[in-house]
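Next up: just one chain, as structure tokens, the form predicted alone.
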């Protein structure tokens, strides 16, 4: 996606953090920006801030875990700006803790926001991105944790890995419709993901604040320390702009995390080596369809 001016971006989780700064960067490139967020107070502040900077931006309330809200938000985006060219699926939450302490509700909340929020976005916006014939783009925000699992973050890592895999599926599937797909896999960025529970919907148990969780279990303060020592969200947003300009599929923000990827590939290669000499597989053909 090389031409931004006059086109429209729809960004979830756009009230702050990475989503907000992606909106600012794209707005400065001349895009119309529709910020969507579940936190309407922060959303109003974000829209006002960017409008005061002279950017063309509006906001819409959106719980990404509800498809019907996606449909309403999409209608508002089209009514406001006419067309949508870029969908940024950025909204995400992080339920953390030891497996034995994570509840079914923790899992359902994380899956519904991090994974189904991406699925619903594509279901609602695919036809809109295709219909105007000017080319479209989907940017899904995953995580380096979707490439390499992290202890005590099972729901987060599992859903982010699913977003990576889903993006790979859509990359080839949507190409014929003139829609490109990219996936952002950041490392630690100075966002408030450590305080995800502050916006947890009532149906999943309602809001809980990080400071209260720390009082209950002091070890949880480490979750915040990891995030607030990360890179600035502006840096991540500028990296996104580079990635979109260069038609990159994987967009990384922490080059030194290559080592984690290489560790995983080394383990996979070892597994393939063992399977190649496995007596159990002696009669299995060494040819056949390769999935792309």
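Residue numbers count along the first chain shown, from 1. Note that this is a predicted model, so its numbers are computed, not measured.
Although it is not shown, the form predicted together with a small molecule is what the next lines describe.
- The closest heavy atom approach of residue 135 to the small molecule in the predicted bound form falls outside 4.5 Å.
- For residue 141, a non-hydrogen atom is located within 4.5 Å of the small molecule in the predicted bound form, even though that partner is not displayed.
- Using a 4.5 Å cutoff between non-hydrogen atoms, residue 88 does not count as a contact of the small molecule in the predicted bound form.
- Contact annotation for residue 153: none of its heavy atoms lies within 4.5 Å of the small molecule in the predicted bound form.
- Remark: of stretches 238-246, 260-268, 27-35, 57-65, the one touching the small molecule in the predicted bound form is 57-65 (heavy atom within 4.5 Å).
- Between the small molecule and the residues 81, 107, 170, 188, the one pair within 4.5 Å by heavy atoms in the predicted bound form involves 188.
- The contact residue chosen from 73, 179, 193, 157 relative to the small molecule in the predicted bound form is 193, the criterion being a non-hydrogen atom within 4.5 angstroms.
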